[in-house]
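The chain below stands alone and is given as C-alpha cells, in the form predicted on its own.
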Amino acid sequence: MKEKNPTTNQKTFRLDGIYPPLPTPFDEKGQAALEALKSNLAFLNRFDLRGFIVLGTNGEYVMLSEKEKLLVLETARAAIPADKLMIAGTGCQSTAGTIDLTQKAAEIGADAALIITPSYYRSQMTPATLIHHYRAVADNSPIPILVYNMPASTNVDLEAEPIVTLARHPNIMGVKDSSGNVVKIGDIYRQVQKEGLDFQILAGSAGFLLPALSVGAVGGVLALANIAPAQCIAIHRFFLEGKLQEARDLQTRMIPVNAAVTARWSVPGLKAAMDFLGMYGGPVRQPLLPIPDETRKLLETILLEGGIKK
C-alpha cells in the first residue's frame, strides 16, 4: 500500500444528478466490444446526465480481468466529456486490491471511485471490518470514494450508523445505496445534516428515485437511465422544481420498466432492451445467459407500454 496521502480531502464537487451504470458490451466471441461502448456513450452524451458509472454491477465488472477493466476505463474516459463525471467501480475482495485498482483508475482519469462492500467472507464483514476497509482505501486514494451498498448481490447490507461513521472521513464523499430502504437513506441524511458533514447520497435504483430524493438523496445511479435517460432526468428535475405530481406520475410509470431491467431480468434484460432500442446491448458474459425469445417479447411490450421507444 502507498503511504497515506495527506492531501486526500477531495470533497470538492457535487454529485447532484443522474448516472447510468454503463453495461460493458461484448462481441459474439465474448471479448469487450470497445467501439460499441463508444457508440453507446455517444448516444447517452446527448442527454443532460451528470456522469457515468463505469464497471458497476451492470458493467459485469466481476466477469472482467484487470486488463479488461483498465481498457474499459480508458475507452470510457476518452468518450466521456470533461463536463460529465466518470465514477469507476474499483471494489475488490481485498483492501490491497481495491487500493491498487482505485489508484490505476485515478491515473486513467476517473473523478471518483465507487467501492462495493467485500462479501466473500460474509460472516466476517462486520461494521468494524468494513469501516476499516473503507478508511484504508480512502486514505490511499488520490480521488474521492463512494461507498457502494448492494445487498441483493453481496448479501452484505451496511446500516446507517457505519455509513455515517464513514461520512466523517475527509475522502469519502458519498454512498450509492441500492438496498431500497428509504427509511435508512433518510436516517443517513438526518445524521450527516445534524453533524454538518459534506456527504452525498445517491439512490441505487430508479424504482425508488423519487422517494429517495424526498428524504435527502441528491440523485441516482440508475440502470433505467441507460434506456430511458430523459425520463430519469425528468423525475429529478420535476422534484427540484417542486412539480411533485408530475414527478410522481412519471416515477410510477417507470416502475414496471425499471423492474424489468433490474430485479426481474437483470443485466440480460437491460442488454436486450438496449438492443431493442437501437443501442448496442449484445451478449452477456457467461455464466449469465441471454433472456429467452418469449421473455424478450414480453420485455418489448413493457418498454412500449412505459413509453420507451426507439
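Please read these numbers as outputs of a predicted model, since none were measured by experiment. The numbering used is simple: start at 1 and walk along the sequence shown.
Just so it is clear, the following notes concern the form predicted in complex with another copy of the chain, a form of the same protein that is not shown.
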Only one of 81-89, 236-244, 223-231, 106-114 has heavy atoms within 4.5 Å of another copy of the chain in the predicted bound form; I'd like to know which.
236-244
Would you kindly say which of Leu49, Met279, Val267, Ala33 lies with a heavy atom within 4.5 Å of another copy of the chain in the predicted bound form?
Val267
Note which of Val192, Leu166, Ile143, Met125 lies within 4.5 Å of another copy of the chain in the predicted bound form, where distance is taken over heavy atoms; exactly one does.
Met125
On the criterion of a non-hydrogen atom at 4.5 angstroms or closer, are Glu60, Pro151 and Asp249 all touching another copy of the chain in the predicted bound form?
yes
Can any non-hydrogen atom of Leu197 be found within 4.5 angstroms of another copy of the chain in the predicted bound form?
no
So, Ala136 and another copy of the chain: in the predicted bound form, are they within 4.5 Å at any heavy atom pair?
yes
Going by a heavy atom distance of 4.5 Å, is Pro170 a contact of another copy of the chain in the predicted bound form?
no
Please check if Val175 has a heavy atom lying within 4.5 Å of any heavy atom of another copy of the chain in the predicted bound form.
no
Counting only non-hydrogen atoms and a 4.5 Å cut-off, give the residues of 183-222 close to another copy of the chain in the predicted bound form.
Val183, Gly186, Asp187, Tyr189, Arg190, Lys194, Gly207, Phe208, Leu210, Pro211, Leu213, Ser214, Val215, Gly216
